[in-house]
Ligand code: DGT
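Next comes just one chain, in structure tokens: the form predicted alone.
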Amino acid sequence: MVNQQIAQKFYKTADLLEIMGENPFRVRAYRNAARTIESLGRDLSEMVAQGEELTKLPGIGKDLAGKIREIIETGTFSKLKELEAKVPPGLIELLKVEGLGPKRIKTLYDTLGITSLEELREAAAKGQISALPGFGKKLEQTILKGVVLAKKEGRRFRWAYAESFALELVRFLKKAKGLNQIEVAGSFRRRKETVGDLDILVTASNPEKIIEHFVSFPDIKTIISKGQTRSTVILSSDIQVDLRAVEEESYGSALHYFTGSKAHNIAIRTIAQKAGLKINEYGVFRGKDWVAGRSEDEIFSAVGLPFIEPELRENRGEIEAAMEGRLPQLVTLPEIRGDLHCHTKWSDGQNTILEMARAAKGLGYSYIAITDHSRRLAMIKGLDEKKLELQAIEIEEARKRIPDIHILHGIEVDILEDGTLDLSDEALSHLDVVVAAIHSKFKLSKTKQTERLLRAMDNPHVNIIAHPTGRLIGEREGYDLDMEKVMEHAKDRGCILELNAQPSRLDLNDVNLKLAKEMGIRISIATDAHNVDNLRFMRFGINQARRGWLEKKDVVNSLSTKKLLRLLHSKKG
């Protein structure tokens, strides 16, 4: 039972409680606990096995600690089973639709009897939803679009969620005798932001024994097939896993084939055909003669190419770049020197400034920026000018206590509807870094939303635009923006665009990152951390950055402290 599974059960409980109209404090308690669990750096199962007290974790009281133990011991807990028996299962699917929260879903269920995405689509198409109090035509159209997005996502899982199960499976399979090589291939290996299933390749002295060991994995819900060299199962998380055992001489070719993408593989096979070769999952052949296939290096070498990193294999120019010797040296996690978007207890974070700085130091960082929310977000105690001054005093004290990491004083300031900022220029002028972000009015027209961002970047104090498109993977599409215009303005104004490493955001996406690189725009890979464990989200941002062809030189938080400060202050002239 991995942390992600426990967190998902708490999230589901919160959703079901809210759909039933239960006490909002109970709902919030489950959601807060889920956030704590999914960002933990340690395995809860191990903590329970070692008898550690779970109540020391933020947001975990005695009651929730008991429920965590129950989940670990039984796979679920009684309260969730009780709620699942009361609420139609299709209602949870409706939560994926933009514009719908648990309260609105309850209204749709109570008044129109809607229990599925298809029933929701039909009701919206007939105009039944806009007739309900508090809904209206605009929301009805948003719901219609949201249904399409939810269906398009299908049973895909965020990469970070799938990773938990992939790592657990690899650890489990490595315990089997006779295992030689193992790799998780497919879209997971290419680090796509969502994956549909997991493809695991192995070589082994006795494949049948590996298959037997694989199907004994404790978290399997259904065994779809079990052969001598291949097996397919469904995990309790609903992720499908395909395991293939291949010959040693075919491992490289199988790894290349099953990593994909399909478009990349077709392009490589086309090059091979022109050279009189045939490439498939078993190897490289000239006629009937096997030529290569033990490693991916052999596959690429056979067609006259250098090794192409898995993240680039989308047939978006990587083959041409390889031919011309201009493949990027993709950025790596050790090259990151700091984090420029973090929150503390001064707004909606869970740790103090000192705790965040110590955690950043522990990661080997040279600097960390404290960027709590501005006053506009009053529900999370956003900072006004006075609080910002008080925070500056605390930051100065923290700097004295941890002198070997540079603590930058910043703010995540709200961009208002007209493009002005939530705090005065005077207040912003005293800060080391200003991160500007949109947190409201997501549905402005393309023209207005674009102008809103352009005006914000005109402010001489704004260094970084946070999560620039505002998308939430599988939940909310990004703002309607003219991205090319936004990027041109960012370049003209010397603004940095953020790659938000939160697994639910990964904003900018890979296509926009590649465009930004080509335009010469600098990127900040930032975690938007709300606790010390969130700082480790940086690796998810690195995944996305690599898919966007980013190199160390494209990433501002790969700079030394001195060079970074010079860059941040240069916009102010």
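Don't overthink the numbering: it's just position in the shown sequence, from 1. The structure presented is a predicted model; accordingly, all values stated were derived computationally and were not measured.
Missing here is the form predicted in complex with the ligand; even so, the following discussion is about that form.
A.B. asks: Heavy atoms within 4.5 Å of the ligand in the predicted complex: does His409 have any?
C.D. replies: No - in the predicted complex, heavy atoms of His409 and the ligand never come within 4.5 Å of each other.
A.B. asks: In the predicted complex, does Val195 come within 4.5 Å of the ligand, counting heavy atoms only?
C.D. replies: Val195 belongs to the contact set for the ligand.
A.B. asks: Is Asp199 one of the residues lying within 4.5 Å of the ligand in the predicted complex, judged by heavy atom distances?
C.D. replies: Contact check for Asp199: yes, within 4.5 Å of the ligand in the predicted complex.
A.B. asks: Although the ligand is absent from this view, report whether Gly186 comes within 4.5 Å of it in the predicted complex, heavy atoms only.
C.D. replies: Residue-level check for Gly186: yes, a contact with the ligand.
A.B. asks: So if I measure heavy atom distances to the ligand in the predicted complex, which of the stretches 443-451, 210-218, 77-85, 252-260 falls within 4.5 Å?
C.D. replies: Single hit among the candidates: 252-260.
A.B. asks: Does the ligand, in the predicted complex, lie within 4.5 angstroms of each residue among Arg156, Arg190 and Asn265, using heavy atoms as the measure?
C.D. replies: Per the other structure, all of Arg156, Arg190 and Asn265 touch the ligand.
A.B. asks: So the ligand isn't shown here. In the predicted complex, which residue out of Lys226, Lys126, Lys103, Arg269 has a non-hydrogen atom within 4.5 Å of it?
C.D. replies: After the contact test, the surviving option is Arg269.
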